[in-house]
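In the form predicted on its own, a lone chain appears below as C-alpha cells.
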Amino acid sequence: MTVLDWVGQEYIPQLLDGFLNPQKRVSLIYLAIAAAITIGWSLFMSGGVARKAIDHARRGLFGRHVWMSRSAHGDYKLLLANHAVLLLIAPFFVSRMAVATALFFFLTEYLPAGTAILASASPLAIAIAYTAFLFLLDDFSRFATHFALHRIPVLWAFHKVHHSAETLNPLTVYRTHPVEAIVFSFRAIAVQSVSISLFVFLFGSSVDLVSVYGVNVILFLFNATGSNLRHSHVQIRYGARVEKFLISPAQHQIHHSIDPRHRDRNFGAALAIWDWMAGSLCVADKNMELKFGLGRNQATQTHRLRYLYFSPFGELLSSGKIGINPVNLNLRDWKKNAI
C-alpha cells in the first residue's frame, strides 16, 4: 500500500470517524449538544436576555481567540500528527479480547469453583451490573492514571504537553503526547479486559452493555451533558453539593488553572468522589478568573509541534527524573483536605 492509499483508505476515514461516530467524545452530536447547553446556560446566567446570552456563548465557545489562537493551532497539529502515529503503532498493541481470554482462563484454572456461579441471574440484571461496573472501574482508572501523570516525574514530563494549552476548546482533549496516549490506551485495554473476563467467568455467558448508539449509557449521558465543555471557557458549575459527586466543566477548568491554589486539583473524569477521597477536590466558585497553561513565563515555542513532541525527552535527559518523586513534585500538600 502506498502512502497515498494509506491516507485515503485509513488515515482520513478514521479521522472523520472521530467526528461522526457517537462512540467518540467529539462526535458532532455531542458538540452540537454542548453548543446548545452553552446557549441555555448563558440565557440562565444573563437572566433570559437573548442578545447577552448569545454574545456570552459566542465568546466562550466560538470566539476567534479560542479557535484561532497559537494554542489551538498546537491542538490541531497534535490531533493530526498523533492520529497518524497511533494508526501506525496500533497493530503492535495486544487486543483487549486476547487479554480478556487469557484472564478468563487464568480465573477458571485457579478458581474453578467460581465458574458461572451467578449464571442464574437475569440478562437484564447482568447487563445493568456490567454497565455500572465497567463505568466505575473505567472512571476510577482514569482518575488513578491522571493522578500518576501528575505525581510521577517521567509521566508529568509528557502530560505537561496537555497542560501547556493556554486556550481551551473541545479538541484540546487530543492535545496529548503520544506517550500519554499509549498509557491511556493500555489503561483502556486493562479495564475492558478485566471487566469482560470477570463477568463471563461469574455469569457464564457473553455480557452486554445497557447502551445508546453502542455507548455505555452512563458514558453517553456524560458525553451528552457537556463533557466537551470541560475544555472550554464556559464556566458551567453544578453547585457545591453536586460537585462533591460529579466533576463539572468548571472544575476541570480549575484543573488547568495556573493559580497555585488550583494546582493538582480535580483529577476526576466524571465522578468527583475519587478526588474527595484523595483530598484533591476543589469546587467551583462563581465568576472565576482563570488563566490556563504552564505559567506566566511559558515558552513562546510551546505550541510548535517539534517542541510538543521532543521537549519532554529533552527535559528528562537533562534532569534525570525517573520514578516517583519522594518529596512533592508540584509543591502540594497531599494530606490537605479538599476545598
Partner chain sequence: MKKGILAGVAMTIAPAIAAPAFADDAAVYGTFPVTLQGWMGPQTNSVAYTGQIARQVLHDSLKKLAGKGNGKPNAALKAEMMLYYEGKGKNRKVLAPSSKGPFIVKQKTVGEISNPNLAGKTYKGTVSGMPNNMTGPELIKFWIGKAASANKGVDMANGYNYPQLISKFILGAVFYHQAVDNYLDEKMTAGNKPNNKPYKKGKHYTGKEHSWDEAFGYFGFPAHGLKLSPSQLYAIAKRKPEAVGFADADGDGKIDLYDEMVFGPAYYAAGADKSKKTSYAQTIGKAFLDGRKLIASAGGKALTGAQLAQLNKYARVIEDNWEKTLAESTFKYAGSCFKDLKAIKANPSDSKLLGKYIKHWGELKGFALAMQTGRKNLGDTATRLNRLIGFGPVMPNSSQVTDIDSAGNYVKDQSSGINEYMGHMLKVQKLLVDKYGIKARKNDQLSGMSEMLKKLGSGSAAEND
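Because the structure is predicted, anything quoted here is derived from the model rather than measured. Positions refer to the first chain, counted from 1.
Form predicted together with its partner chain: not shown, discussed below.
Asks: Does I218 reach its partner chain in the predicted complex, with heavy atoms at most 4.5 Å apart?
Replies: I218: no contact with its partner chain in the predicted complex.
Asks: Looking in the predicted complex, any heavy atom of Y174 within 4.5 Å of its partner chain?
Replies: Taking the distances in the predicted complex, the answer for Y174 is yes, it comes within 4.5 Å of its partner chain.
Asks: Within 4.5 Å, heavy atoms only: does Y76 come near its partner chain in the predicted complex?
Replies: Contact check for Y76: no, nothing within 4.5 Å of its partner chain in the predicted complex.
Asks: Find out whether any non-hydrogen atom of A188 is located within 4.5 angstroms of its partner chain in the predicted complex, and reply yes or no.
Replies: A188 belongs to the contact set for its partner chain.
Asks: Just one of 286 to 294, 23 to 31, 273 to 281, 55 to 63 has residues with a heavy atom within 4.5 Å of its partner chain in the predicted complex, so point it out.
Replies: Only one stretch passes the 4.5 Å heavy-atom test: 23 to 31.
Asks: Which listed residue (I117, V94, L80, V242) meets the criterion of a heavy atom within 4.5 Å of its partner chain in the predicted complex?
Replies: None of the other options qualify; the answer is I117.
Asks: Have a look at V200, A72, I254, V234 for me and say which one sits with a heavy atom within 4.5 Å of its partner chain in the predicted complex.
Replies: If I apply the 4.5 Å criterion carefully, the residue I get is V200.
Asks: Pick out the residues of 64 to 103 whose heavy atoms come within 4.5 Å of its partner chain in the predicted complex.
Replies: Contacting residues: L86, R96, M97, A100, T101.
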